[in-house]
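We've got the same protein chain twice here, in two forms, each standing alone as structure tokens: structure 1 and structure 2.
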Structure 1
């Protein structure tokens, strides 16, 4: 057993580090570090920089344009990106729909869509959840009826992330109603410009517009955009949900947040002259979450290096454990940052989230995004299958209960 990175891993990390230092635009990194709002251009700029380097899809096989990294290398890359303040590569194209197309798509679909995902030409969003079908996804109702060479889609999707920017959406639809709820579901690729699609913003508790409802009203989708077989979309759906494990624990982002938390605690007054860092009660809470993060990091590495060794890629209970603990730690960190600024967590000044805003902040410059971030982070234990669902998965698959 050896906790240390190998010489190859260190050399790899140095390469990645040097590339990011040279190529990540500082104004984008400043937005990420400062908790400012990111726009479509911020995401796309970084996506395209990585695409030119061949690094935008670390988990893809080489034949489709992946860099051929193992899981440990992918994690090192994730960590370095997060530490540098790179925007995350949005998962909807690269990590969600692409693997489904690779596995279940036909030659034409692979040829058309995969290069466009890599290059960033198409921005993808997801159409899975519905108002009545969250964690119980199989109960979805959005309907697609076959009419010659196309389907007519009607229904409503929700919890759609950043779909206001998207060119394409992948949708689970019901193409048959007989049998078990998992049967009769199909997986469709839909051009967002198709008439009949309406995107309505859902304003979230932090006041931001990150999430949408997407309505389908007699939307015509060519049958050529069906992935896999009609009525067999549940296989695609499950494959998609369990696909990518690297990055699921969010270790890199947590480390960046922990660093930010410590900086804030060093700068905030404890209320008597000393810094908040010298307040033993508050410092102990930072220590607690840092120790939990150490345990998560090593656990994450253990899972990934076992995978790198065994070539195991199937979804499993380890991913659920990483998701549960990762999201709990993200939530703790966001809560501590909000608490660190005390009363300056109270003002709501959304303009301050714009990097271009020239106004005077209320309180310290770093304070404005913190409460919103805390509110926003509540989603992490709900999305991607709520943490309770993850525990059901571990209970069934790992413990046989």
Structure 2
């Protein structure tokens, strides 16, 4: 694989760079670079700027409103956005439910939902995990019973990310109980304003409200919102998870974090009056994670290329490799940043995550958000299917073990 960019790719990068420099609000970029808390308006502002340019869904085919970029162009775009401090495009609509609708949805569902995902009119969230069905997702118990032209849904979902803002939720429900656990599952699209839905916040260890429980009590969902065939939703579920795990790799964001780590290491002191960046042992650890990130980027390009060539094929076990390695690298970067600032990374000051915070940080300003970021990164090896499960998938499907 030739990793050198062609003249056309360099020109493309220049165009993307110029657009972002002109259109990304500096106050949002400052929040991202400073590790500050992002709100709904920050995400939606950037989403709508990209939507007007036709760039909000780099991986979508042209027929559905995508820009028609190849895999290298998509990676360049991801790199430039992350380096500039752009918020990530939230994956639930663009990268998770949209590919399922494109692949398994009917014409009416495509016509109604896909343009609204592009424009940002609908904020989506995920209804997969349950208290007794996380990594063993097929054991889910949320039930949908057919009653004429609608289903009646009852049950509970958990670890629902940013559902407090959502307009719609995609949900896996049990519509039959006979046969293997993977059988009898259906994939529904549910309006969050439907009576009977309750969103309850789950406060995390750092006090933040990012995840929720979602309860369904006699929620009526039109049969028209069933995607694919009834009782065949496990196929949709796996298709979506492949896209989700590919997106978790976050190569562009990892590059930005690596650059931030190097900046911290240059500013933090080591023994003998030198900077930490000149400490051989610490520099070797940075080099090791950078090498692993370069390998991840190549693997990501391979997966995206295979996905583009396959058209409607979801990433297979290679998505699990991306998920495992991407989250391990994210955790390594956050650990090294914490170690670089030493004791100044220990105090956790939630107020320091607000852009308007006027307090005096303990140590350098960049140390204040690091502990919150470190704790938040602990979850990445669990969500989207735990890394232990992903290694089993690779062992079974790739290595035949």
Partner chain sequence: MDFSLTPEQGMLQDSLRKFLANEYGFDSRRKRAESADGFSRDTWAQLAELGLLGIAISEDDGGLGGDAFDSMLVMESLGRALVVEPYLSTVVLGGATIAAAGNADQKAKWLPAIVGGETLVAFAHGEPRSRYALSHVECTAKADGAGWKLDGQKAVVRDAATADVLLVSARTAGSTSDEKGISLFLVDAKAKGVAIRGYATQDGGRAGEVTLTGVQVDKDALLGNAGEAYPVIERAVDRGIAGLCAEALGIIDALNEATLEYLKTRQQFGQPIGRFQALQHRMVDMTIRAVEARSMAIVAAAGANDSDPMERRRKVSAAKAHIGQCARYVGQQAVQLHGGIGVTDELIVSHWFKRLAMINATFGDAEHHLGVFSDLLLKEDA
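Heads up, when I say rigid core I mean the largest set of C-alphas that superpose within 1.5 Å between the two forms. Because the structure is a prediction, the values reported are computed rather than measured. Residue numbers count along the first chain shown, from 1.
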The form predicted alone? Structure 2
C-alpha of residue 278: shift of 2 angstroms or more between the two structures, rigid core aligned?
yes
At a 2 Å cut-off on C-alpha positions, does residue 339 qualify as shifted between the two structures after fitting the rigid core?
yes
Core-aligned, is the CA shift for residue 61 between the two structures 2 angstroms or more?
no
What's the distance in angstrom the Cα of residue 288 travels between the two structures, core superposed?
3.4
